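Given as structure tokens, the chain that follows is alone and in the form predicted on its own.
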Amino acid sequence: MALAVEGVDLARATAETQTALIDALHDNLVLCMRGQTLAPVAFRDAMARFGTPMKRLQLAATPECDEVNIISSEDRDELGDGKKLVNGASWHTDDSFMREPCSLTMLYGVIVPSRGGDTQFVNMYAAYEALSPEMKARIAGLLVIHKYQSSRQTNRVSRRPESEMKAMPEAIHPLVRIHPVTGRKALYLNANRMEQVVGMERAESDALLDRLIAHAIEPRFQYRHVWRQGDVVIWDNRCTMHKANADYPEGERRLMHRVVVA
């Protein structure tokens, strides 16, 4: 899981190189391109070669480009209590609260701290494949309700305007997804957004979801990315979970630009 690539300029990648990068992403789930220098519009345009960039209102956008969001150590819950937020501090997959989640997420390390601030990933193909035959049979066909503000959430999320919340009704997704490109089965979990298994009593649902999350985040399924400035990391939300760590020294900044594609 995960591949780091040196010597590729994403802004000038040939069609052949682009095809190779997409293939590498499908094979490795997490792909890092080192040493990039990309202004927001150039970042969006380079990422558009992997899919259609989407606007996401839940995060601030750069002034130059609406499709490039800002994830910063200085983020605050502006419409809520005004306190600092650590976006993505719990295990999750991006956009699961939406009925049509993004496929890929791209994160560009604009400013990285001297240490800490790593991003952890889990291989959800491997997590599914390691389940017992009995558990695979138990969860086959199960659906889960996902919400922006789940009662099970383990990490604060920013408060959103009422009009925006109405445009984000709860979504229902299968507990086991089949990747549309690879055809492989993967667990589809989001510790911060899942509300309940459809048709299951709450206590049983909570116990099942907690058990699956604990299984999926075992160290044997994990990769930890240590950021360098200029890294562009792309991951496939259809077969991974991830989380951010806010363990960098006090007073140091962490600034990322983010693009998601349809």
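No experiment lies behind these values; they were computed from the predicted model shown. Residue positions are given as counts along the sequence shown, with the first one as 1.
The same protein also exists as the form predicted in complex with succinic acid; that form is not shown, yet it is the one meant from here on.
Contact with succinic acid in the predicted complex, judged by any heavy atom within 4.5 Å, is made by just one of P113, P101, G109, G88: G88. Among T119, S73, Q153, S96, the residue placing a heavy atom within 4.5 Å of succinic acid in the predicted complex is T119.
Contact annotation: succinic acid lies within 4.5 Å of heavy atoms from the stretch 88-96 in the predicted complex, the single such stretch among 142-150, 173-181, 126-134, 88-96. Among heavy atoms of R238, none comes within 4.5 Å of succinic acid in the predicted complex. The shortest heavy atom separation between L21 and succinic acid in the predicted complex exceeds 4.5 Å. At the 4.5 Å threshold, heavy atoms of L25 stay clear of succinic acid in the predicted complex, well away from it.
Residues from 238-253 that approach succinic acid in the predicted complex with a non-hydrogen atom closer than or equal to 4.5 Å are H242, A244, in the order they occur in the chain.
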